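Single chain ahead, written as structure tokens, the form predicted on its own.
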């Protein structure tokens, strides 16, 4: 990819094999037959309509839920539950601890892991500077804007040695200006850190701004992975004619996926 590592040559970090999920045995599967590989250092965006199972897949990768059938493996080891090698950034701010400062919130996963005070402070300071929150380190969550709260969540994901960061529509509740700012900042952070990211969204432009590849889910029930679209654009990404061509391609792909039919405008390569 232009301006990016050749992720095609990097072995998969995450492998999803034949995954299906039903809420109850009497109900049809929310999704079925999901096969997906995400490479180490890749920014992978999962896009699709509400109810297609995007968040369910993320929760299964996080270890919060288990597939009804199939397996999910990280570096060849089957995922059986939550673990520090997968950090999760949610859409809402409920996971922030209101009685702790910004710095203490960022340090919290390290404290749980038994990391010493000095190392916790140093690592938290580094990521707070990375997300431009160092001046707010001693504030409490209620003193922050929505965008700043999301930065705290991102910092908390980065402060650990996690192999993957799982992001479930983290900017969905923000206003357009703040969302655009955080998209650009996240892209910049990813280029510097090269963490593997699984990012859930229903916003096509957001997918083009952030992704190395975009997986498009069909409508449900029995949703399936309809297509995978590589985004071959240099970073940082701007609204060029080529950018808009990807918007058009993804809009056509999403439309076909919702109708559960092949894409008529051409083949989409994984």
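Every value quoted in this text rests on a predicted model; they were computed, and no experiment measured them. Residue numbers count along the first chain shown, from 1.
Just so it is clear, the following notes concern the form predicted together with a small molecule, a form of the same protein that is not shown.
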Inset, instruction - Could you tell me which one of 51, 63, 70, 230 places a heavy atom within 4.5 Å of the small molecule in the model of the complex? - result: 51
Legend entry - Heavy atom within 4.5 Å of the small molecule in the model of the complex - the one residue of 55, 219, 37, 40 that qualifies: 55
Inset, instruction - Report yes if any heavy atom of residue 209 sits within 4.5 Å of a heavy atom of the small molecule in the model of the complex; otherwise report no. - result: no
Inset, instruction - Would you please decide whether residue 225 lies within 4.5 angstroms of the small molecule in the model of the complex, comparing each non-hydrogen atom pair? - result: no
Legend entry - Partner contact for residue 204 in the model of the complex: the small molecule, 4.5 angstroms, heavy atom: no
